[in-house]
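Below, in structure tokens: the form predicted alone, a single chain.
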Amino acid sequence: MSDEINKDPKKLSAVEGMKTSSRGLRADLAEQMADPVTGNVTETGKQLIKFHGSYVQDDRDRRAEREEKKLEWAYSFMIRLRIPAGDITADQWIGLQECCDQNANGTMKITTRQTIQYHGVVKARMKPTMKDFDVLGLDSIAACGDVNRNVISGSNPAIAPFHAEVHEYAAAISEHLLPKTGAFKEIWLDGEKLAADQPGEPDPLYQDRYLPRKFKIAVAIPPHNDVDVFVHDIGLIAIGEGDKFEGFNVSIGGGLGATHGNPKTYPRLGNVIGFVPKDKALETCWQIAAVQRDYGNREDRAQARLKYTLDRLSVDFFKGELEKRLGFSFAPARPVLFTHRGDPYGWFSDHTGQWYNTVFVDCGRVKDDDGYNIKSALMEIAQKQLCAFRCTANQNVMLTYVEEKNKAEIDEILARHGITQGHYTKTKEEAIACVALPTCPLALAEAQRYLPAFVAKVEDLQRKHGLIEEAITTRITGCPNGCGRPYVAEIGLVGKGPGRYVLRLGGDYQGERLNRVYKEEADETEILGELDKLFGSFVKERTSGETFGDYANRTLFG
């Protein structure tokens, strides 16, 4: 099968031209960042800086005020770190919080990609921030942009005795698929500059054109699907027997982004194409990205993700091309069972006897709020070197590698700062929201600022109907891009406009089924009214062990 996309260079999107002419992601970004006249960068600069892990944003709450005073919008930058599998040492945590206080808005955001974002970094503080990261042994290269982004992995070490071995693959894959350019060190860390007349460094994977669109990889360890493995371009499902880790089932073509009013865009779950032994995993990921590089749509960015490549060319064609490049065929996929997605809260141990404790972080925002002083508690724990830290894909923080003797002191610190087990309901503990307003330029409605109030009202309905002990996965995003993974929630809200959302219902609790549109547009009163009725009928009509998502799928869309 021949691919007719990308035949005419004149039809390529403007971003494609930016990539190929950027000299390895350099262009004039250093000069733009040194310009003191504006807090912004050019449109080309906005696209280019994504590859360095940053987005240009502004405080949308202040736009009218700034415009009235004839001032430039309050521009700043979001920086997203590259932290494969979310692991951070105590010293790194201390340094990151201090850097965030000095250079950003003071609130570290734990993301669904198991990493940390800073918001509110003004242009003059970008370079000092990047240098602070480097001192800590961290960076933000490839955390955004048309490259493989932060690789995430199942966070719970009690799931399998081979968890640590599987967990290491996130870092190995991240390094294997990292861009080869030295632009990051050159621009942010005063590294040696490439001569102006030289092209960028050779890069066998990304070449000079990089990928057609963003690319995401997740590693899951059954039966825990905390990473929502099927919504990624590549989903690796760890397979083992007893203590022995053997390899991965491979899923390809997941992705959640869509555009309102454009039926050619849609959320999609990945297809499992077979099993590979663990020693073939890195090359398999590399070649999947390479096939997407060569066949992905570079004319229409709305159609550029791997999911659209598969639907345009067929899964069988893609798999055949992949196997030809790999030089081997996939074995049949192994049987897998997923049972849950939520994080394990409280103390638990792995097979070696080391202890772990997941701490709830509301909407992933590490800040002291109304007596729940998570920021101060984690800082004190880090300063006393009582453990390491792990960001989870559910936007929480896991305290890791804790010795038995330190558990009581950690409990005391958490309790003194208002962090106790049972503080929140199960629905609250599993709720997720993207950042949205006021900083995200794509947001059409509120998400993280609205989630606590909305979930509280859902909890009131659960109490009314005797459902408060059940976890109902609830997720909100401010736009249809799906950063908070609303399309695989039992209750998903997707921003449509101020105070209005698409109400999606019927996702399963395990993350293996997309939900569907129940109401194309609704405000809070309408949404809560519908949930009130549905909760009532759910209590009366549910089958044994049926979850709310399964009930909604059966009765509303079955």
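For every residue, the number given is its place in the sequence shown, counted from 1. Note that the structure is predicted; figures quoted are calculated from it, not measured.
Below: the form predicted in complex with a small molecule, not depicted.
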Please determine, with the chain shown alone, which of 464-472, 282-290, 209-217, 421-429 has non-hydrogen atoms within 4.5 Å of the small molecule in the model of the complex. 209-217
My question is simply whether Val361 lines the interface with the small molecule in the model of the complex - judged by any non-hydrogen atom within 4.5 Å. no
Closest heavy atom of Gly257 to the small molecule in the model of the complex, within 4.5 Å or not? yes
Can you tell me if Pro441 lies within 4.5 angstroms of the small molecule in the model of the complex, counting non-hydrogen atoms only? yes
Would Gly270 show up as a contact with the small molecule in the model of the complex if we use heavy atoms at 4.5 Å? no
His163, Leu236 and Ser349 each touching the small molecule in the model of the complex (heavy atom, 4.5 Å): no
Of Thr115, Asn148, Thr309, Asn225, which one comes within 4.5 Å of the small molecule in the model of the complex, counting heavy atoms only? Thr115
Candidate from Ile221, Ala433, Ala85, Val397 lying within 4.5 Å of the small molecule in the model of the complex - any heavy atom: Ala433
